[in-house]
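Only one chain is given next, in structure tokens, and it is the form predicted on its own.
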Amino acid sequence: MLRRQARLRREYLYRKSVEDKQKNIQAKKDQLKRCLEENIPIHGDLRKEALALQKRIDYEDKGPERAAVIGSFSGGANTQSSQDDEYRYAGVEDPKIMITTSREPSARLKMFVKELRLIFPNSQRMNRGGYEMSQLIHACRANEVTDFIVVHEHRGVPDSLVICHLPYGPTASFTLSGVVMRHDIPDIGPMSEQFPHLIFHNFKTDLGLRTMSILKYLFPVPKPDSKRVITFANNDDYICFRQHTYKKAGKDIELSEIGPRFQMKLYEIKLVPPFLKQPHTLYEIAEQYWDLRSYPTQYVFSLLAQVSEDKLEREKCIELSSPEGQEDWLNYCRRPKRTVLEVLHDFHKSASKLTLEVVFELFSTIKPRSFSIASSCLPSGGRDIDLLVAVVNYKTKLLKPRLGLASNWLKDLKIGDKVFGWIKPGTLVFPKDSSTPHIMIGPGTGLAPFRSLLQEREKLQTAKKDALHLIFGCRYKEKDFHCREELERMVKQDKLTLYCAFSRDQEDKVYVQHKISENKDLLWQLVSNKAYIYISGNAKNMPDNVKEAFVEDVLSKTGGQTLEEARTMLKELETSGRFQVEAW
């Protein structure tokens, strides 16, 4: 199977190289033809090839058959791009789509995926379970699935959509916002299962046409009498999705929205990064693509078991890759944080039998990292961006050093080095009225979005200590107090009220939830005055601890409510947007 996939990939790349060659020849012919027609000098790069190209121009109207006879080129009749090759069967064969979610999806995400399955004809929904993404992709390829869709969420709200066209791409990633499901729309009509007509508005640029192709070929060709219409309307790079059914009433047409509705924003299309040269050496792939510090999954041990010729190592790999051996795998890999290279060193006899095809299956690619922007665009006029990054450097239980891949790479950058990335919209939404009280809880690097807000309010001269309340936490005041001078300056200028929790500077640990309990009377007064509450930082325990402190100390004890009433109030604050969490 691996050899077959490698052969198919080579054939595909060969077809693409032939197409690129044809496109380059056609571009030269067009340039030469324009020079001859407009009687302008021929460019120096074309002079050596001018006579040969002119002969090809004479035959360009003969079509690909005549061109193949004289020179094996299509003579301009076949300028098909790799994009056309990816979707060469579109419209001839109906798409076959598989939809799944991130692991442990919430009930709302499951509901959204069910509605997506109704949007895309010929689609199936698959429970993610404990499967690795590579295993799902292999299964989809084996069953001739044309497109694989993964939906992710943040705190129960669908926030991103990844569309992977099989077998070779492209893979497009979209952020989702403003998701309104069918059951949230009052008096919603029934969902039609007809193949829909598609409307694409304002997809005019090359990127727009590329995006339109990715979305368009998720749908089969509709019948002329279909009454179902799906609209993708592009406005300022946000794609609004709407779905309607229509009926004729005399000369008028009546539209009925059948949902769901949401906005999409493209932030990434993957093929091969353009800033990396082609072809690559194996060293370049290992250096620039593979994550050699990743922790091996059970799938890695199943691959080692396939190639191993050592009986003991093979049996151990089979055991670690089995469902029954999951606890052993956790104890061997995850808990001591063994990397894939260390595993290959331990199973060196099996590793010596690895083929090139298996090596490409074995190593996972480096995943993109997200860091919160910690600055406003106003002070620099949009020229500068500050990132607040915690440099990861620690030792495992086995006393092996571990360095964060992206954080240490950023730390070692020199002035003038280039960094490729994209800007993804954050989830925190601040009120436009600067007099509205803000309660901001941001321990560690969770300070980043709040520093952006503080810089903006300071630039607009609307920063006041009565409205801006920041609860910051870190381990040591002298070591981890991010942006200390800037925050203390704003406090002295009466632009900010600051509460600090330094957990390791005293014997009893103090966290941000303890500062909430200490200042519960003031915080209740702010909440009563329509304050907005924001939490940013590590998603492990902090958000839940902060929520519990607000429920027990602020809303219940100080607010005079029962615990049940306090939890209901907190839920209402979340629904109204007055309690927001951005955690990672």
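Just count from 1 along the sequence shown to find any residue number. All values derive from a computational prediction rather than experimental measurement.
We do not show the form predicted in complex with a small molecule, though everything after this point is about it.
For the chain shown alone, V392 is a contact residue for the small molecule in the predicted bound form, at least one non-hydrogen atom being within 4.5 angstroms. At the 4.5 Å threshold, heavy atoms of S370 reach the small molecule in the predicted bound form. At a distance threshold of 4.5 angstroms between non-hydrogen atoms, A448 is in contact with the small molecule in the predicted bound form.
Looking at G404, you'd find a heavy atom of it within 4.5 angstroms of the small molecule in the predicted bound form. Heavy atoms within 4.5 Å of the small molecule in the predicted bound form belong, among the stretches 305-313, 496-504, 440-448, 262-270, to residues of 440-448.
Think of it this way: in the predicted bound form, the small molecule has a heavy atom of just one of Y295, Y168, Y217, F174 within 4.5 Å, and the residue is Y295. Out of the listed residues L388, V179, L453, V510, L388 is the one that sits within 4.5 Å of the small molecule in the predicted bound form by at least one heavy atom.
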